[in-house]
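Before any questions on how it binds or moves, here is one chain, the form predicted alone, in structure tokens.
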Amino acid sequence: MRILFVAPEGVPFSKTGGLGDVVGGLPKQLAALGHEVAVFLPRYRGTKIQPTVVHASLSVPVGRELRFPSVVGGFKQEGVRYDFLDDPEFFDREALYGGPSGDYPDNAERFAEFSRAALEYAKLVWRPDVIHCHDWQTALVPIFKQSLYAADPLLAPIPTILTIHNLGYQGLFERGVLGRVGLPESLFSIDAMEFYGRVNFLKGAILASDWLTTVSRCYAGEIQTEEYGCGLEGVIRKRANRLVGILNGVDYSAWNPETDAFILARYSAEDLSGKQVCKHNLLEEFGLPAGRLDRPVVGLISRFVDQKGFDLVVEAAEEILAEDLQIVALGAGMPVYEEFFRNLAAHYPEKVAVRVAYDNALAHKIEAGADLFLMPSRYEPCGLNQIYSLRYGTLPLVRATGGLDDTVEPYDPKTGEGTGFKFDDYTSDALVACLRQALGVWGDLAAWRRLQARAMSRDFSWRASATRYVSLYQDAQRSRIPAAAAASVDIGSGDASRASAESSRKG
């Protein structure tokens, strides 16, 4: 099978979050299973490649403008072909999606060009059996395909899969964006892309794609509820028979304490002595007292945003710091949380240290050197750091939501089993109670070592998830809806689509 990934980012070429890791890991495993895989990405300023020209000029309309980006790349890594859309005016920028003042104002046009170019690429350069799109930045691929390209005989048989990595990011724009990206005004309707007076790219793709996936089983159920559906729960419920939750895998070639090149000492479940070396090195790296290795270190690696539960951390800070522990935090995001951690470190210089940045090498050091890893998320589609933490014997302390609930087995004080610590209620009291439970187990070295051994034995590699994706691709091919029968799910047509949109209003 020939599988085309269309994504706004992918490791090792570009990354802002877990999406980049998925696009880095899943295609390689699909290739290892014997499939032909190509990944189509924008060429950003930070994309380090030799720009071999694959296709010198695509003709891509963006609203009333005709643009002529090229396709560069054409090389393979670990069996996967990589190609890049090269348009410096749109993508040669400091960051992927925006700067300190917010999102780039032309993001709709940038990713409209990218999405339409992906369809031209699928016709002219590398013809796939299935197109797998990711998040709102590629949502226009299925929308263009079902509208402007509906009669194209080359694209009609190819099913589209949309993976929703985080429903909180939907691609919301003012009504005038339809003309700017070349879509008909008729799509500004309740049964298409209209969403409370604005245009919603992700909503349109949910209606236009042949199949939908999310990045964990639990999250697939959560996004059908008012609490987690972000206003789209009604639309998603109407498409529930085409929605599958497939847990993200991780790349253990990059995240493994036995081989990790970023950490000072390697270690394994059988010999944890190197973890103590890594802990000492981590405390020195953050400028914290390194003489008390018997005191637990709590690690945090995250975007500093509400979704990640930092409002709970703020509420619970005094109670947390009353315990005999140290905290190391790495991340960036909302200024209020960046300032919170800076102030905390200033007031508790012996217990708290923060690095406001994105630093991959330091992230590895935290995973290896910390004892507990804190992820108190309000919602978490999948999460990867808790899975990395399991392999590093850094026991995760998480809220029971999304992929955190799917991957962490809570400690059972009666049996002593589990792989980490988990709380249900989204309250600071529940967080503190869970932390105190973890610290109580920390005091029992034998019990802690048993938990570490179980955590490090869990396998969340990509193979099982990739196999499920192959089955989904095959189902999508078999159930590709003929154009004449597509009205029940096509955007802008059909009673079922209209009912979906009306139901979303209830969210």
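The first residue of the sequence shown is number 1, and the count goes up from there. What you are looking at is a predicted structure, and each value in this text was computed from that prediction instead of being measured.
Omitted here: the form predicted in complex with a small molecule. The next part is about that form.
Engineer: Answer yes if any heavy atom of residue 358 is within 4.5 Å of a heavy atom of the small molecule in the predicted complex; otherwise answer no.
Structural biologist: Heavy-atom contact with the small molecule at 4.5 Å: present for residue 358.
Engineer: Looking at the partner-bound form in the predicted complex, is residue 330 within 4.5 Å of the small molecule by any heavy atom?
Structural biologist: So residue 330 counts as contacting the small molecule.
Engineer: So, residue 301 and the small molecule: in the predicted complex, are they within 4.5 Å at any heavy atom pair?
Structural biologist: Close contact exists here: in the predicted complex, residue 301 approaches the small molecule to within 4.5 Å, heavy atoms only.
Engineer: So, in the predicted complex, is residue 84 in contact with the small molecule at a 4.5 angstroms heavy atom limit?
Structural biologist: Although the small molecule is absent here, residue 84 would stay clear of it in the predicted complex, with no heavy atoms inside 4.5 Å.
Engineer: If contact means any heavy atom within 4.5 Å, which of 372-380, 154-162, 317-325, 225-233 contacts the small molecule in the predicted complex?
Structural biologist: It is 372-380 that comes within 4.5 Å of the partner.
Engineer: I need to confirm a contact call. Of 130, 167, 384, 183, which residue comes within 4.5 Å of the small molecule in the predicted complex, counting heavy atoms only?
Structural biologist: The residue from 130, 167, 384, 183 that makes the contact is 384.
Engineer: Taking the small molecule in the predicted complex as the reference, which of 173, 340, 255, 126 has a non-hydrogen atom within 4.5 Å?
Structural biologist: Here the answer is residue option 255.
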